[in-house]
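Quick setup: one chain, the form predicted alone, written in C-alpha cells, and binding and motion questions come after.
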Amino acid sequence: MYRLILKMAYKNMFLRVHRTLLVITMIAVSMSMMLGIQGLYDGMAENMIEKNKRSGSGDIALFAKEYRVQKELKYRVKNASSIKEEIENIKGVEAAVLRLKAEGLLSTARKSSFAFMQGMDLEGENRFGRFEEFLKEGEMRLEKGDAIIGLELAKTLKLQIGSKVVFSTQDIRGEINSIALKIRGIVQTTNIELDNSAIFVDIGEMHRFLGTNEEEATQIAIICKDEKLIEKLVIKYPELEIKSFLELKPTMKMMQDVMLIFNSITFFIVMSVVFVGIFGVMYVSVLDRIREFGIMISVGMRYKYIRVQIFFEALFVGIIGYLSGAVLGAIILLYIKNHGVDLSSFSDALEMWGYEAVIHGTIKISYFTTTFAAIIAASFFSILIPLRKIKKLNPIEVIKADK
C-alpha cells in the first residue's frame, strides 16, 4: 500500500511541472546563497581569530601578576625560559614563545607616535604562528639595529623600508633610554593592536637595551590543542596570571556572537521563504485535486493514507530542492574557501577593523545538516493547512460539484 502511495506522491508532485520546478529552483538558489553567506561570515570570524592567535597571545598566555594592569617592566616573569621549557613538554602543547614588551615613544626626524616595542625570537615566532606570512613589504630579518613595524604605524609615521627611527622608553632602572633602529620589514597581521602600534626587534637586543635578564619575559604565549590545559596551568603556576585567548580578546567573542546572529537571521529568512514556497505548491495542488480526494475518501481510502501521500509530495519537493541547493552551495563554499571574495575596493575600511581585503570562507557539515532538518520541518508544517482542508471534506458534495 505504501509503495503505491509513494508512486502516486511522486507522480502528483510533477502534475504541474513548471510550478514544481519553480519552487525547487527557488529552494536551491535561496539555500545556496544562504550557505555561501554562512561560510563567508564564519570565515571572516575564524580568519581574524586565527591570525590574532598566531600574532598575539596564542590560545593561552601567561603574565606576571599586575602586569596587564600596570604595564611596567618590574612586573615580569623572572624565570620565563624554564617555565617555557616545562610547558613545551606538556602533552597537547604545539608551541610556546617568550615576548618582552615595553611601551614608549617612536620618533622620526619629523614625527613621533606612541608605540610599543616587542622583543621576540623570529625563528620561534615562525614556528609558533608562521609570522613570516604577515610580511607585507621588505624582508623578515632581525639583526642588530633592525626592526619590523606594523603597517598602520608605518603609515602614521610615513615610514618605508630603510627608514630610521628612534624608540624611547624607561629601562629596568627607571631611566629614559633610547635605541636607533632601521626598518627592515613591514607586516600586516590584521591584529589591530600590533598593526597600529607595534615595532618588533630581536628579543636578545631588547634585553640588552632594557637591562633585563635573558631568562625573563613579560609574556609566555602558547598554542595548544588541549582545551583543559589552562586549568592545569592555573594549578601549576599560581603565582602567574593565566588567561585564555577569549579572556584577553573579549571583542573576538562578541564578533563570534554577532556573526552567529547574522547567520541565524539569514537562516530564518531563507527557511521562511522555503516554507512559503512549499506551502503554496501544496495548497494549490490540494485545491486542484479536491474532487480527486473526495472520490478517494468516498471509496474507502482512509484519511491517514491521504495524509502520508501529501506529506511525501511535500517531502519530495523539499528534498530535491535541498539536494540541488546543497550541490550549488558546496560549489559556492569551495570557491569562497579556495579563492576568497575580493573586497579590495573596501580594503582601507576592512583593514581598520582587522579584516583582509580578500576574505576566505569556511565549510562546516552543520550548514548542511541543520538546513536538511529545517527543510524536513518546513515540508511537514507546510501541509498542515491543506490537510485540514481535506479532513473537512464532505465527499458527496465534492463529487457532485464540478471540477
Partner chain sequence: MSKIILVIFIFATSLMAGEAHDIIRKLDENFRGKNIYMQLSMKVVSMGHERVMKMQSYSQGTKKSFVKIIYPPKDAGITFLSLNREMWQYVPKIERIIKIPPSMMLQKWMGSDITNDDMVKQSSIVEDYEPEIIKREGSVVTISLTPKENAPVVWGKIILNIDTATYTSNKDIFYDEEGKEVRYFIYKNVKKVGNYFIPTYWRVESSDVAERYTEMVIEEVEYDTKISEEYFTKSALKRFSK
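Numbering follows the first chain given and starts at 1. All figures in this text were calculated on a predicted structure; none of them were measured in a lab.
Omitted from view is the form predicted in complex with the partner chain, to which the following refers.
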message: Each of K164, E175 and I179 within 4.5 Å of the partner chain in the model of the complex, by any heavy atom, yes or no?
response: yes
task: From the candidate stretches 313-321, 166-174, 76-84, 212-220, select the single one in contact with the partner chain in the model of the complex, where contact means a heavy atom within 4.5 Å.
output: 166-174
message: T108 versus the partner chain, in the model of the complex: is there a non-hydrogen atom within 4.5 Å?
response: yes
query: So in the model of the complex, does any heavy atom of K144 sit within 4.5 Å of the partner chain?
result: yes
